[in-house]
Structures are given as structure tokens and as C-alpha cells.
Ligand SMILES: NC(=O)c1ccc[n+]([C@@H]2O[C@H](COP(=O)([O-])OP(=O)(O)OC[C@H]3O[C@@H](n4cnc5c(N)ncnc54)[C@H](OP(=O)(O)O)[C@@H]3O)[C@@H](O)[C@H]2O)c1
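Presented below, as C-alpha cells, is a lone chain in the form predicted alone.
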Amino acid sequence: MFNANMSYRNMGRCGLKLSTFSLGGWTTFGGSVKDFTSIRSILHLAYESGINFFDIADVYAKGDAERMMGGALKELPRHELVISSKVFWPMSEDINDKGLSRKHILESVNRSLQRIGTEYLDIYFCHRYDPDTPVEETIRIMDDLIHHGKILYWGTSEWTADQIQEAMDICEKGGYYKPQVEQPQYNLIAREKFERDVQPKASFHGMGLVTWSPLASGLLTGKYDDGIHDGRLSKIDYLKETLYTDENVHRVREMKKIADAMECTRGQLALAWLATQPGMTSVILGATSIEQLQENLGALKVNITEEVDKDLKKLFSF
């Protein structure tokens, strides 16, 4: 796999390199897109475009995202791929089929490997912090999984700076493998929590950053300028309540002036801006069609100057 248009970055201080843009399966593969032929076409185009990082989670479509993405990825050279999955959310009604206990993590990774059809995961994320499980218990099973070759690196997702520091302290004291990457929500609208809390701590510890929801569930593309008719915001209430405000819609409309001046779409501008932020390793894209993926990858051609960065941060200030 080689595409001169794609760039690759080290995942923090690790030797592992991820494509600047990656492809994830949240709400799409196995969810809004159930046709395997379509999924296969999107994933193969991503690979041909230089994407090497594919982000999944067991809870996405209750395992169907792993099965369907895994089926398409099996047709590609495994050594050229970086595949991740996640563990935390309940997968059944069973009392132990959730969280970050040793039992749940071990059973979950085995099921994920089977569904994806691979012998190992490049990255395994703790999908949230688990207040019901001692952090050391979680760390020790992650360390064991690395020693056993089932995962190569482990990471966190939506952990706070204090939670990350707690994990680092335990790893340092016990000599365990440390989390090497954090997956936060981060975009022009959702800036404050990440920039004030997570980014400084991740930078201090040399963690990679792979961000989810880079387009604020489509809001930053302008598709909701005139109201919510379809799309992710129409289906997930908490996203609608959090993101769809008069102020945010106004900001996105104003953003069009900057995008028009740069001869790109608002979505491409938002993605390109995100890719230039400090410590960012990879921006996880979502795509329900080949056309949408091609549109998003157009961000590779957008040049974010200091002036544009300043203008966007002022428009989306917090």
C-alpha cells in the first residue's frame, strides 16, 4: 500500500505509524450500512487511498461492525493494517459482560479477535474509565495481553487527565506496559474539555491522539443549516441535545465564508484543521458511501495557515 497523498505520523512516542486520516465503524458499518458489498468497497477505497488505521469496537452494532469490517479487511495484507477495537460497554445482560474487569477484558478480546478474524489487535482501547474496577486490575490484564501477543498496544478513550495520570503512576510503579494512545472526542465545537484537560496530560506522557467525531456528527459540514431532517443527529438524542444549538448552527454558517475563500467544503476545512492540532496522530473518519469518503479525503489538499487557524479558533471559541 502506498499513496503519495497520505501522510503518516508516529503514535506519540511509539514506533507505530498511523495514517493522518483513518476510518472508523461507529454507527455506520453494521448499523446504517449493512450491505457487505458497500462496506467492502468503502474499506478497500480507504486502503487504496493510503489509510492504514481502521478503528472498531465490540459494541458497534453489537459485534456486527467487527464482523463486517473484519470480513473486508481479511482481503487486505494484514501486516499493512493497524486494527483497533475497544472494551467496556455491556454486550449482553450478563452481570460480568461489561466494564474493565480482568474477566470481561479477557473474554471480550477473544470474541473480538474471532469476529474480526485476526490473531492480534494492534491497539486495544478501554472504551471508558470503569469506576467499579481497580485501575491496576485493568492494567495488569492489558499488560498480560501484550505479553501473550493478543494486542500490541493499549489505550484509553474518553479518560480524563487525572484518570490517565493514575494509570501512568501504576504502570511506572509496577513496570507494566503504559497506555500509548488516547481517543477523545475533539472537533471545532467540542474543544474545551480536550484542550484544557486531556491534551496537556497526553502530551506530557507522549501519548498518541486519535480523535472521534471530527465533524460533530455532521454538524460541521453544514448539512443541518436548515434543520435536522436525517443523519446521525436525527437518530441519537444525546448528540442532538448536546450539539444542535442556535449558537453552533450560527457558527457553522459563518464558517462557510472561510471555507469558500479557501475553495473547499466546510467538512474538509474542519478535518484539515483538526489534523494540524498539537499532538494529533490520526483523525477518524466515518463514511457511509464511497462519495462521502472521497469528499472527506479532500481535506488532505487543504492548507491550514496560522491565520486560518486563528480565525477558526476565534469563531469556535469557548
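Predicted model only: the values in this text are computed from it and were never measured. Just count from 1 along the sequence shown to find any residue number.
The same protein also has a form predicted together with the named molecule, omitted here; what follows describes it.
*Asks:* Taking the named molecule in the predicted bound form, would 86, 224 and 296 all count as contacting it (heavy atom within 4.5 Å)?
*Replies:* Each of the three qualifies.
*Asks:* Give me the residue from 145, 139, 216, 198 that has a heavy atom within 4.5 Å of the named molecule in the predicted bound form.
*Replies:* None of the others qualify; the residue that does is 216.
*Asks:* With the named molecule left out of view, choose which of 272, 252, 284, 46 has a non-hydrogen atom within 4.5 angstroms of it in the predicted bound form.
*Replies:* By the 4.5 Å heavy-atom cutoff, the listed residue in contact is 284.
*Asks:* With a 4.5 Å heavy atom cut-off, would you call residue 127 a contact of the named molecule in the predicted bound form?
*Replies:* Yes - in the predicted bound form, heavy atoms of residue 127 and the named molecule come within 4.5 Å of each other.
*Asks:* Under a 4.5 Å heavy atom criterion, is residue 55 part of the interface with the named molecule in the predicted bound form?
*Replies:* Yes, contact at 4.5 Å.
*Asks:* If we define contact as a non-hydrogen atom of the residue within 4.5 angstroms of the partner, is residue 157 a contact of the named molecule in the predicted bound form?
*Replies:* Flag for residue 157 set to yes.
*Asks:* Even though the partner isn't displayed, in the predicted bound form is residue 244 close enough to the named molecule, meaning a heavy atom within 4.5 Å?
*Replies:* Residue-level check for residue 244: no, no contact with the named molecule.
*Asks:* Counting only non-hydrogen atoms, choose the one of 205-213, 107-115, 71-79, 162-170 that falls within 4.5 Å of the named molecule in the predicted bound form.
*Replies:* Going by heavy atoms within 4.5 Å, the stretch is 205-213.
*Asks:* Scan 23-57 and write down, in order along the chain, each residue with a heavy atom lying within 4.5 Å of the named molecule in the predicted bound form.
*Replies:* Residues within 4.5 Å: 24, 25, 26, 28, 55.
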